[in-house]
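Below sits a lone chain in structure tokens, taken as the form predicted alone.
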């Protein structure tokens, strides 16, 4: 499976990290000496992606600027013999970065939809800015391998969607999109999804497998997104588009291996910085 494009929706205001995020996007907060956003870009690169689209809001231009070439700085480092620093700066030289704006905060699906005209590949990776998975393989590597396994077993089926799943405590299901699993068509960590529910109360949750912020979606999902806003006051949610696709698009989840860190909260960020820094 060729996966060449990824969308990183990072337009959020980062209100939990105020006042720092008045001037520094939370995605540029460091884990050691590497900002969170660079770890996500590196994850995209780990599966061979060469085109990345940042979905940002006004004031977050420093995110794509982090990846821009700085010839004068590179020349100075070379003259000083700091070749290891030069190598770090040049690692993104062959990546094509693109930027679109989300001018209104109208849901995760709305954010992704801003990149619709940029998408040219049959499948695209989606990496939200708050979820880091640390393990032998990146989260996106695991999703891509799982997707290839499905396509090999069912070559006659349409291109599937693949979701990263984590087994969460039942009392936390109301914080996640939850997958309803067809166990008869599942195999180990690879789960066939027969339904999806957004933030159900624990007693009503069909499982405890919550969706975390990593996806591979087919290009067809972008055609569904504009049609799923009417029931949520204009908000466009990715989960609603996937629910609408269940009737004609195979959707799978993969219960990833490794430890997830939620850098969207100060406590989660602190934990990630201590463990990974």
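Because the structure is predicted, anything quoted here is derived from the model rather than measured. Positions refer to the first chain, counted from 1.
This next part talks about the form predicted in complex with a small molecule, which is not shown.
Stretch-level contact analysis of 154-162, 177-185, 125-133, 90-98 against the small molecule in the model of the complex, using heavy atoms and a 4.5 Å limit, identifies 125-133. Listed residues 111, 146, 140, 193 were compared with the small molecule in the model of the complex; 111 is the one with a heavy atom within 4.5 Å. Within this chain, residue 9 lines the site of the small molecule in the model of the complex, having a heavy atom no more than 4.5 Å away. Contact check for residue 27: a heavy atom falls within 4.5 Å of the small molecule in the model of the complex. Within 4.5 Å of any heavy atom of the small molecule in the model of the complex lies no heavy atom of residue 173. In the model of the complex, the small molecule sits beyond 4.5 Å of every heavy atom of residue 121.
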